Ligand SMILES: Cc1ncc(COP(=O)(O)O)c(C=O)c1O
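Next comes just one chain, in structure tokens: the form predicted on its own.
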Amino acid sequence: MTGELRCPLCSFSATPMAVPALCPSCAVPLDYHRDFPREFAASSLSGRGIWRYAPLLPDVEPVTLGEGGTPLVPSLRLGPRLGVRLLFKAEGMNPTGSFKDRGAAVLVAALRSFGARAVADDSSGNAGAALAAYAARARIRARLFVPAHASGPKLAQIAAYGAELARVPGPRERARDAAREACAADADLLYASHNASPYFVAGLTTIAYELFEDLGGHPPDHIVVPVGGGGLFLGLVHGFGQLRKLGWCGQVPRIHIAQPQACAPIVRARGGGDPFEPEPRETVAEGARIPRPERGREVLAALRTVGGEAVAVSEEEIVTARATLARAEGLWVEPTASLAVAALPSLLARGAIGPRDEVVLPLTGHGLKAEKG
């Protein structure tokens, strides 16, 4: 594989490797980078879905289920009501029902190129389902460690793909520890952490590329993103950054973060310090319940770079936003996906988003992902 892994906070770099690696100085996960000549043109892209952007991704043989190419749906009622030009990127239309398919496709393809025979990950559900599906497609054995309280439909999905499912009692971090312990004990088992892998985030850059093309060759003014581990946010930042480096667009949109008040480490650390939620509470937005995100410091640095805000919303606001989106727009999403909708009024009230601005909300997962309707 060409390209290199780089620290997002210092100048350290390394050659690509199968397992996630940390910068020895900054102790943060490394990112994947691939350089291109400035004359690289959009006209050279072909096909559809995320592999349309293969020249901008790790150079590996694709593993695909038809992910990407999701609809960009204009708001008919909520946007006019709020006074903005609002669009929804319907990521629930991906093969396993969430945006995580983009990252899992590239991650599994990269691991297969390194000769992986078995992979493990920890997940609250969506990433586990995506990894299980793409591992099955690539004929790689998968072992998923999930919190015992994770959503029933997501666990059923993981099992349906033939992955070994390990339910881990206790907080979300315990599933991560169990996955690492299993990989340390089994030489054939690679830790395919979606939260720390550079290849997973590389797959998520494709949302930025699609939005740029969806909007006729320009970025939106704002994007509001639900954040747990921060992969989607970083994928958008990296993707639009790559487009600017290539000279295809002149600016990166302002990208804002939405988290539940029950677990908002990025919002808490906005004023300084490391992102950490000392007392995470239960939340309907289970995908965002990550009290110490591994890429948290990178997320904070990138948030400053793109001029974004970080907003925490209540459980009532999340539930109300989900219902409003379904009834006003005909879009049914899982509760985590409605975080961005719930954060919009606050961003407008504080002036971070102005009247008539163009705003995109990635709707990260389908409503069928949730345990309850």
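Here the structure is a predicted model, which means the values were calculated and not measured. Note that residue numbering begins at 1 and tracks the sequence as displayed.
There is also a form predicted in complex with the named molecule; it is not shown, and the following applies to it.
Remark: residue 287 counts among the residues lining the named molecule in the predicted complex, judged by a heavy atom distance of 4.5 Å or less. Using a 4.5 angstroms limit between non-hydrogen atoms, residue 239 is distant from the named molecule in the predicted complex. With a 4.5 Å cutoff on heavy atoms, residue 131 does not count as touching the named molecule in the predicted complex; it lies far away.
Contact check for residue 232: a non-hydrogen atom falls within 4.5 Å of the named molecule in the predicted complex. Note on contacts: among 223, 107, 227, 144, the single residue with a heavy atom within 4.5 Å of the named molecule in the predicted complex is 227. Using a 4.5 Å heavy atom cutoff, 99, 336 and 365 all lie near the named molecule in the predicted complex.
Across the options 341 to 349, 328 to 336, 66 to 74, 48 to 56, residues that bring heavy atoms within 4.5 Å of the named molecule in the predicted complex belong to 328 to 336.
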